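As a starting point, one isolated chain is supplied in structure tokens, in the form predicted alone.
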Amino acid sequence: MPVKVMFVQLASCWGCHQSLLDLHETLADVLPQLEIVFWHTVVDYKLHDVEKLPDGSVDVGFTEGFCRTEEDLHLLKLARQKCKLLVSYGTCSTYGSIPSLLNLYPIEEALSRKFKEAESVVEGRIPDKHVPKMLEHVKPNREYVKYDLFLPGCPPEPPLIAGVVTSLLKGETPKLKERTLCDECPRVKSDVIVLKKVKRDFEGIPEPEKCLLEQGYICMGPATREGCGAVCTSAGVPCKGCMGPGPNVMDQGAKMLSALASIVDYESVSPEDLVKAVKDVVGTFSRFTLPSSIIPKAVFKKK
């Protein structure tokens, strides 16, 4: 008997669903076992198609994206209502991800920049008809509804998706890896790392086998969960933290700052050097997890 599933897209780039399609031939084995009852990014489903489904009638639901509008929030709550098992699919849904850095600005300022001040604007007007209301700021979806499984990644890598889907089809609870990215990364690390220089990503050419953090690049590996296959660091690109915080980490950004502070040789690297190399502290250390951080947004005085 096919497993009933629904795929819900909230505010997002659609990349997580693209990663699902990147399973290619593997989908030929999976799709016959699924009965897709809602997938509005692929098929022309309407909101009332979800609303008329009996509560709890869908076996598994996948939600991609975060709640930026009241419509997103309504759809998320519907998904929870209709699904027996709800999966937070991707880093936007799980932690908030890059677009939620907008939490650093008042919503009025953001809307004005987007619709009135941007260089591409022709008619400077904030749309107010036939559009859902924007929420004041982004929260992790888990603050709105209860999830049964979190599948992070920006986007989740196809092998990770395949493992989760296969487990669900077998009626098993998927087991995600729980170490840090450093444990998964194939680069050679010293027993004790001492940071004697700090570099921007574009400075120099990294040694092909040595730990990127040891070479002075800000690599989020010590504060990030494994599971992506270390595809970035293997290619010579420092980890940006898209898998979210590692095990027992409350705040990914704070954890990385703490790790960095403990390995810097302050006789070789001055605080000014660190500031120059980092530039954007929040965008560097909480790029994917700001709404899930201890301080999830900027606080402004009301005018």
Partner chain sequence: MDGDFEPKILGIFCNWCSYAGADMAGTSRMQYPPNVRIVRVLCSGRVDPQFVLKAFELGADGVLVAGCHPGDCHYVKGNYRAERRIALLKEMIKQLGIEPERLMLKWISASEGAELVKTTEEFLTVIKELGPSPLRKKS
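On a predicted model such as this, the values are computed, not experimentally measured, just so you know. Positions refer to the first chain, counted from 1.
Unshown form predicted in complex with the partner chain; subsequent notes refer to it.
Participant: Scan V60, L53, L274, I36 and let me know which has any heavy atom within 4.5 Å of the partner chain in the predicted complex.
Facilitator: None of the others qualify; the residue that does is L274.
Participant: Only one of T41, S262, T69, T26 has a non-hydrogen atom within 4.5 angstroms of the partner chain in the predicted complex; which is it?
Facilitator: Partner contact (heavy atom, 4.5 Å) among the options: S262.
Participant: Of the listed stretches (44-52, 250-258, 27-35, 232-240), which one has a non-hydrogen atom within 4.5 Å of the partner chain in the predicted complex?
Facilitator: Contact criterion met by 250-258 only.
Participant: Could you tell me if K297 has a non-hydrogen atom within 4.5 Å of the partner chain in the predicted complex?
Facilitator: Yes.
Participant: If you check in the predicted complex, is L21 within 4.5 Å of the partner chain, heavy atoms only?
Facilitator: Residue-level check for L21: no, no contact with the partner chain.
Participant: My question is simply whether A110 lines the interface with the partner chain in the predicted complex - judged by any non-hydrogen atom within 4.5 Å.
Facilitator: Answer no; every heavy atom of A110 is more than 4.5 Å from the partner chain in the predicted complex.
Participant: Since only the chain is shown here, I'm wondering whether V188 would be in contact with the partner chain in the predicted complex (any heavy atom pair within 4.5 Å).
Facilitator: No, V188 stays farther than 4.5 Å from the partner chain in the predicted complex.
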